[in-house]
Each structure stands twice: as C-alpha cells, then as structure tokens.
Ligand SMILES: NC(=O)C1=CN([C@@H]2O[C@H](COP(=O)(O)OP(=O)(O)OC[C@H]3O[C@@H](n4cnc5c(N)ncnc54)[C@H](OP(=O)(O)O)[C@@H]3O)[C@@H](O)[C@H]2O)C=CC1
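Coming up is one lone chain in structure tokens, specifically the form predicted alone.
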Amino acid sequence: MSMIAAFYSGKSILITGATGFMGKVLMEKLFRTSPDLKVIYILVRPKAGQTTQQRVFQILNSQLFQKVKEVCPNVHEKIRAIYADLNHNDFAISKEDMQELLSCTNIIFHCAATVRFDDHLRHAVQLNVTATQQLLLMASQMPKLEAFIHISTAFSNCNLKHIDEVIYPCPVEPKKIIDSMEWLDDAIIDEITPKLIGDRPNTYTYTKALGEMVVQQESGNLNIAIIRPSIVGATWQEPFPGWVDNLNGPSGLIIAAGKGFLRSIRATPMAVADLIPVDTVVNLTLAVGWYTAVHRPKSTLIYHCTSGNLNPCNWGKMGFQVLATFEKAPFEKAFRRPNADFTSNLITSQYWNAVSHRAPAIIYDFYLRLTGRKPRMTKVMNRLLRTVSMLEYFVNRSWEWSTYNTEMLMSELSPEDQRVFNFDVRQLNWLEYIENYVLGVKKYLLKEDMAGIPEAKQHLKRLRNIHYLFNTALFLIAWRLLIARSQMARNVWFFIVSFCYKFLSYFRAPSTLKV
C-alpha cells in the first residue's frame, strides 16, 4: 500500500492557486489517490462574473476530474471554497473562515503566483512575495500544521549557470522591497525596476527569488520545503496523457504555430528545453509533503524538479517533433493567413524576419477592411511577437540544476510509492510526450474535434501553397528592384540567363542531330 496516499487520508489541506493549472492537477491527484482525505480548502475569488461556487463547479465538471468521480463520488462535498483575494494584505478572508483555516489545516501547498513575465513590479511583489509572507504568518498560527510546501521556480536564480538546491540571497532585503512598494508611485517603480532585477530577465524570476528568501527568513519553527519546477507542461501520464488548460509555457507557441501565426522563433536549437510534465511536479510535491511532515528535516530542503540534467531534450528536437505532429494532426483554421507554413523549421537561430511576419498580417487586415470587417491580425501578430521576445532569454540558454535532494527523496520511497507517485523523469519518452502534448492542446485546450483532421490537412495544403506563392512574389519584387538599382545585379542576372540558355542549347543540339 502507498504510504504517501495513506498519509493524506483524513487530512485537511489548504491549497493556494487551486484554480490554476498545477493546482487543479494537484487536487485531482489528491482526491484520486487519497479519497478519504477530510477536506481541501481552496482560496478563490469571483472572476469573469462567476461566483466562487460556480468556479469550483466548473473545475469539477471538467474532463480532468472524470476519474476522480469514480473513486470519490462525493468529491464536491470535500472541497471547501473560501473567498480570498491575494491582492489584499489580509487576503480579505472573513473572520469565521480564517478561524476555521487556523484551527483545522494540516498541510499547506502554496501554489499561487503571478507567472506573467512582464507584470508590473508592484503587482508581482504583492502576489509572489507579500502574499507568501502573509501565508507564513497564518501558518505560524496553525497548531495542527504538519508541513508547508512552497512552489517556486527553477528559474528564480536563472542569472546563474549552475544552480544548487540552496536559497541564494538577493542584494536588497525582501522586507525593504515590500515596504517600498507601499509608498513609491508607479513612475519611480518603473525607473528602479531594471536596477533591482539586475541580470535577471523579468519581474517574475526576481520576485520568486524574493519569495524564497521570505520563506527562509520567516519560517520560524514550521516544517517547510521548497519545490523548484522548470517549464511546466502538459500531463505525461495522469490522469491521461496530454491534458493542458492554459497558454503558459510551450502551449502558446504550439497554438501559434499550429494556427499559422508563427513559423520561426529566435532560439538556440541545441539549448536544453527544460520542460517538466505537470503530473511529475505534482507527484514530487505530494511526496515532499509526506516526507517533510513525517521526517521533519532540520533545515528547509529545496527540491529541483527539472529534466535537463537527467533526460535532456533540446529545442531543435522539440520543434521538429511539434512540426511532425502538425503534419499528422494539423490544427483547424483560425484565420486564412497568407504566410502560414507548417513545414518551416519552428526553431531558428536567426532574427525575426519582420517582413515575413508583419507584412502578411497588414495585407490580411487590408482585406478585412475592404470586406467591411474589423482588422485584427496586426494586433494579434504584435502581441505574439512581444510574447515570443520575452521567451527568447529562456530558449537561448541552458542551465545545470543539482538534484541531490530530489534523488534522495526518490530513494526513500517504497516501490509502490515510486509507482503511484512517479517523478523519475528518466523514464520519459520525449517524442511520445511531445506528440501527446500537441494533440492535448488541440483536444483539451482548443476543444477541436479530432474527426476534423482530414479537412484541416486540406486547409494546411492551401496555406502552404499560398505561402509559396507569397514568398515567390516577394522574391521577384525584391530582385527586380535590385536589378533596377545595381549594375552588378544586372550583370549577374544576364550571366545566369545566358548560362541557362547555353545549357539548354547544349542538350537541344544532340537531339537535333539524332533526327
């Protein structure tokens, strides 16, 4: 029997970020393996016109929870949604709900964070640093708390080449940053942000590093562990392969390429794409929760959940596999974009070709105006290019993460726990995983019917032909302009024409003699 599954039976568990990608998979795994757990508290706020209960209902009725309902039919009774807003220093939790959380919680999984790379520093500090500080304060008042598991990111120290399972200090103390965000105006924050983040690429990685420092400084007597996953992608095995429900990580790039918006990105093909399946992260998280509560390590342990050092896959290999899957199961059309080419290399080390991406978008918008419709392609393309530019830092570099604690934990698990809570990424077949990932994006995220693949292939063929015609016309126009302006270009052109004529004449002459 699984010791980990048995440990969570009868527990009251608090999950922040439960409505997010990883939070949903974490809840699903807990209910499926430990259906006898007492309750899962989730912090939720109304969003997009939905109440907290409606949001929970939507989560439980998704395809992700189909297997859970078979082993835990009363799952809806075991989720306790508590209104909370992490943008407020006190989370805006009512006194009654706060008292229940403080008196009943056994385990905390802190998954909530803003993952936007371009988020304003004030907002990123509030969600990734201040909220962590507030949650630690709550945890210190929980008499029944056994473990506090903080989800960080492997890129919190991406300014380093080799990263150990330790907490690295930041030049400015987190408390000073938190205090300054309360009185500095936005203009001053914008001015000092580049100086604060230093050689980190964005506010996300910087504030996640600050959050780790807060955990270290304010942990007190709590049993705490930190998990650092790399790029979190679709499920590998559980509850089924390829499940994904957000545009983060590679998912957005896959959709952009599959829909014809994106044909190349500036990347280093041999750089390691340190992708990690979300169910692998969840399995490690639950194992860490068990180990932290039962073995009570003397210090805060950090666990790297990465793939590059154990089972590396580079961006070039990943890009080719994505494109190969497009050929077998292309995405349904979004716009009839005149330069979509699925056979182009998705990964390139060259700079963006502005003409190749923006010119067709402008032409398409002109067509929309002529037909009385609202132009939208240029806006979509600009947003996409802006997003891809923020990813360039990560797709052009490789890192080395030590995994001593992760490997130690694996050795502590029984054979049954190693099977049920598998986080050994060495068993991952990348080609199979990436194919399932692309198909999962098509099926679960875009809600496309797999029966529409033949029609999508025909659309793909039309887009490819349009792309070839567009590039040929673009080349001829550029060449014509070059000939008109350069004597050397004209000489080269006349030489090529003369050579071709002589070459054809050579083969034509023997044919004439035979006759």
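A quick note: this is a predicted structure, and the numbers were derived from the prediction, not measured. For every residue, the number given is its place in the sequence shown, counted from 1.
Although it is not shown, the form predicted in complex with this ligand is what the next lines describe.
Residue among 246, 398, 216, 402 with a heavy atom within 4.5 Å of this ligand in the model of the complex | Among 246, 398, 216, 402, a heavy atom within 4.5 Å of this ligand in the model of the complex occurs only for 246.
Taking this ligand in the model of the complex as the reference, which of 422, 152, 105, 130 has a non-hydrogen atom within 4.5 Å?
-> Going through each option in turn, the one that passes is 152.
Is residue 304 one of the residues lying within 4.5 Å of this ligand in the model of the complex, judged by heavy atom distances?
-> Residue 304 lies outside the contact set for this ligand.
Is residue 13 a contact residue for this ligand in the model of the complex, using a 4.5 Å heavy atom cut-off?
-> Output for residue 13 is no: heavy atoms all beyond 4.5 Å of this ligand.
Classify residue 113 as contacting or not contacting this ligand in the model of the complex by the rule of any non-hydrogen atom within 4.5 angstroms, answering yes or no.
-> Yes, residue 113 is a contact residue.
This ligand contact in the model of the complex: residue 193, any heavy atom under 4.5 Å | Residue-level check for residue 193: no, no contact with this ligand.
Sort through 185-193, 162-170, 439-447, 82-90 and report the only stretch with a non-hydrogen atom within 4.5 Å of this ligand in the model of the complex.
-> It is the stretch 82-90.
Residues from 37-61 in contact with this ligand (non-hydrogen atom within 4.5 Å) in the model of the complex = The stretch touches the partner through 45, 47, 55.
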